[in-house]
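The chain that follows stands alone, in the form predicted on its own, written as structure tokens.
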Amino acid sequence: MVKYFCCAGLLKSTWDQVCIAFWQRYPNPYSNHVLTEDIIFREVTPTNCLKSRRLLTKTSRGPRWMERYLPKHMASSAYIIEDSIVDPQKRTMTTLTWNISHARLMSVEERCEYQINRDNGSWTEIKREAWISTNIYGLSRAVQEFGLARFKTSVTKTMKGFEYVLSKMQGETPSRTLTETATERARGTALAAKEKAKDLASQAQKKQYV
């Protein structure tokens, strides 16, 4: 049994910009789980389409009950294959991604199609499909639900990463990440606490001399 999921996304950048950002999106603040990326092969077809295959290494921490089925050195990472084809004439880019690690436990295949938005030629729309399956008898539903939840979280990070890279490409100041905002707030709180501590210490010293 295979669980199917489909969603659409919109990037307020041209198709050309999105295609360029696609190859430059790592690293970004939302892709800390991507450890390495390597191009296995790349070619231009007779119809001038660019075909590529990349190998990605990502952190992949699963639920604890799943880790018992994996060797220790494999429990925290996974290898992903990403095929892509860019058609400059049709103005489409299609990607197909699937995991080659832990595939017997859970297989996630994703297909994305990037094309010019019909309502606004300066924007790019993304149709995203996913198929999640497992060979674990008796736990297939739990594994698929876990896989779907993780996939949805990944999609959100992917879109934020795209927007971040596109902003940098266009010379804009990317919006701060949650981590950066939290860090700044923590520094502000620490500084305020430090100043308050100084005031209290000063008042204590004054009381001693009264």
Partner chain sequence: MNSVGEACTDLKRDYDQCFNRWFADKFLKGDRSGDPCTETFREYQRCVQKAIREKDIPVDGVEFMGPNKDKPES
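Note that the structure is a prediction, hence the values are computed from the model and not measured. Residue numbers count along the first chain shown, from 1.
One more form of this protein exists, namely the form predicted together with its partner chain; it is left out here, but the text below deals with it.
For the options Leu139, Leu96, Leu105, Ile116, the residue carrying a heavy atom within 4.5 angstroms of its partner chain in the predicted bound form is Leu96. Proximity of Cys7 to its partner chain in the predicted bound form: non-hydrogen atoms within 4.5 Å are absent; the residue sits far from the partner. Among residues of the shown chain, Glu125 is not one whose heavy atoms approach its partner chain to within 4.5 Å in the predicted bound form. Heavy atoms of Thr153 never reach within 4.5 Å of its partner chain in the predicted bound form, leaving it off the interface. Using a 4.5 angstroms threshold between heavy atoms, Thr36 counts as touching its partner chain in the predicted bound form. Although its partner chain is not shown here, in the predicted bound form the stretch 141-164 places no heavy atom of any residue within 4.5 Å of it.
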